[in-house]
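Next up: a single chain in structure tokens, the form predicted on its own.
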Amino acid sequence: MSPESSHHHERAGAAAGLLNEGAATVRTYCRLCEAGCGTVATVERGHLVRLRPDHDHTVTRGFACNKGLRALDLHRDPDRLRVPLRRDGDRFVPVPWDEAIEEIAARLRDVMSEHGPRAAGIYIGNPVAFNALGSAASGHFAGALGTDRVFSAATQDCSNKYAVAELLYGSPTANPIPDLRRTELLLVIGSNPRVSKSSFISVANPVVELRRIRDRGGRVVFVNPVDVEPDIGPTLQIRPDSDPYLLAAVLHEIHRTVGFSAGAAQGTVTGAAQVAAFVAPYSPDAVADVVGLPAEVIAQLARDFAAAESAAIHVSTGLNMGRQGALAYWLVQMLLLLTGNLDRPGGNYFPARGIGARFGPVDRTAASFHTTRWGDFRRAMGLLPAALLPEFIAAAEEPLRALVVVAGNPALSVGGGPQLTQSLRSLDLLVTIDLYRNATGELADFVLPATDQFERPDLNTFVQGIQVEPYLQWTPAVVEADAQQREEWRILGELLQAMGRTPLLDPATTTDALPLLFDRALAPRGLDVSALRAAGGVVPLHEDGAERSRERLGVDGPLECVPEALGSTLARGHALFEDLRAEEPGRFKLVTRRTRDALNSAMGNLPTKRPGDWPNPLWMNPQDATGLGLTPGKRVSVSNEWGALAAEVQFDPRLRPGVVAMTHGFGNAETAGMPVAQRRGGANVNVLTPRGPGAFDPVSCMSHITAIPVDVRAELDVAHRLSAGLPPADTKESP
């Protein structure tokens, strides 16, 4: 063991002992996003008092973003949930853990006895992905109950990638990442790396990585309605919701000029002719008006991509969350595959991983779709469309009557607005397990306090297979919970035990449970949790690059470009192109906006010093605002067929004209359990998102949650409204 490793081992050991006197430093890592930046926590008398970047981390090298370091404020927030609560009329009262578990279990049994096992379900929030034991236990919980009613935040931001990866490569977690260190041309679609650090790629300080491409003579091209990083590379400011047709036009032009070539995959790919047939109608000239870019710009992008010695693509939530996230992501894979940039050094590849991907039989036929009263859809990762949550609750046959929400907030993150709120309120049993009594918790029968990332041991399982520099990291619990918080896997296990079902792990175990679940998965690497602990928590993995990445796929025989299950997606793509061509002029497209101080709704209760981020304004290009006679701070009504809200205008000249932006995760006017967020205000943008049948991508269950058509009008000032015989403007959201 190196002196550095020994030093880190001593620090981890000190943390495990939770020193009662003096101070100890504990090596840990952030679990807010895929970057997973290494941090060092200072513990005094059992309390976390400081958090700083880990400058000795062999991969993240001292980088940590503002959000990651603010996790300390979240940990210490006095408004965090610290004891179990039970609803008593319109208020919540503390309840002992044993009593809460027994009553919840009894009510679950009653619901399932009356309506069947599928009357119970689970909603899994985004933070669960970064919680190794919590993630495994959440999936096991549904299976142990005998229900397939599984909903997830993944259908709000990324299930299109799971669906396409499974159909093409044999596993939903087989998503090839760009070779940032060697690529000549990088295409970045729908990503804001400075603010969000990007998704489905694990790299510390992505902005620096992109600058390095520029500095060594490579090119970075962004595709985004927002001018993202002008000092790094140009942004092609497309019209929202048109990503599939830009990609189709690039493929069309490449096929027309130089033809398709699979490169390293030559001879192992079938269906290129079907791809060519799909993109045949989408020449640069044909799509220019829909995409909002000149045909020559599109053709030049195609020529540049085809001519580059190596070209790579990274796409994030801006592409995922439109109407056709699966089609767009499939076209990304076709562009890589049919230009020879899959498995090419400098292209996209499947990195080494410390825990192998799960491959199994994949039904790629049209029979893999489920026929329901709300339309046909194909589950990604076994998930149901969250956009149909109210429909499942209100169903006449096999209604969903009990829901356990783990680290999620569907009341604010799923489209539906007041209808969704009423649906959640109508459940026979609603239980939330979270750090706060959030907006969903305010509707719940029981609100159970979970530990945060500093109060549990963990392993970076989710990012295996998407790391630019592959490594494994284990962390101890930095501190013990300061009250009655419990780990999610223990809570779910206790509920199952109380129902007479078998938990994933014995919730009464007092030792680190990670080895019980993950030592076998680590064994092929010659590792186990004790080895990670002995190495100070971090073990780099040897990367053999793109040259051998195909061997990490679960595809038997040739790789099929157009599985039968994608047939309806392609047909839908043709139909929606005609819809876009026929769109009425003058309406705005609303896109989601990230902020530097907030992460979804998780940090909504923390104070901020950044003006403009709070409350939730409507961001507009000044050119659009001037045309409507609007000035910064002016109140406007934003509406469409799904709902309406009021917001203040702020200017952002980086936005493409015709595009407006708001941030999701607001709308806490009734969230008494988060008093800072409640006082802050801000509209819930998801009242404007489509819901119900047709509001999601059928092949992936991915919700349509960005690029939403809206109308914007100035609200009359109070004097004008009164003189016109109208009531004063309501300061709350419109219903």
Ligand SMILES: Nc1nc2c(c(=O)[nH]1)N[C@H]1C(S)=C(S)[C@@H](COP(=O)(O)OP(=O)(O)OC[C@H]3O[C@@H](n4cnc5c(=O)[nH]c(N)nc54)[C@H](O)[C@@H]3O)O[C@H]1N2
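Predicted model only: the values in this text are computed from it and were never measured. Sequential numbering from 1, following the sequence displayed.
Omitted from view is the form predicted in complex with the named molecule, to which the following refers.
Colleague: Is there a non-hydrogen atom of residue 593 within 4.5 angstroms of a non-hydrogen atom of the named molecule in the predicted bound form?
Modeller: Although the named molecule is absent here, residue 593 would touch it in the predicted bound form, with heavy atoms inside 4.5 Å.
Colleague: Is it the case that residue 195, even though its partner is missing from this view, gets within 4.5 Å of the named molecule in the predicted bound form, heavy atoms only?
Modeller: Judged by the heavy-atom cut-off of 4.5 Å, residue 195 is in contact with the named molecule in the predicted bound form.
Colleague: Please determine whether residue 127 contacts the named molecule in the predicted bound form, using a 4.5 Å cut-off between heavy atoms.
Modeller: Flag for residue 127 set to yes.
Colleague: Is there a heavy atom of residue 349 no more than 4.5 Å from a heavy atom of the named molecule in the predicted bound form?
Modeller: Output for residue 349 is no: heavy atoms all beyond 4.5 Å of the named molecule.
Colleague: Since exactly one of 649, 238, 463, 165 fits, which has a heavy atom within 4.5 Å of the named molecule in the predicted bound form?
Modeller: Exactly one listed residue reaches within 4.5 Å, namely 238.
Colleague: Please identify the residue among 253, 494, 157, 179 with any heavy atom within 4.5 Å of the named molecule in the predicted bound form.
Modeller: Filtering the options by heavy-atom distance leaves 157.
Colleague: Work out which of the listed stretches, 337 to 345, 474 to 482, 91 to 99, 182 to 190, brings a heavy atom within 4.5 angstroms of the named molecule in the predicted bound form.
Modeller: That would be stretch 182 to 190.
Colleague: Would you check whether the named molecule, in the predicted bound form, lies within 4.5 angstroms of a non-hydrogen atom from each of 451, 601 and 706?
Modeller: Affirmative, all three are within 4.5 Å.
Colleague: Even though the chain is shown alone, can you say which residues of 218 to 242 have a heavy atom within 4.5 Å of the named molecule in the predicted bound form?
Modeller: Contacts from 218 to 242: 223, 224, 225, 226, 228, 238, 240, 241.
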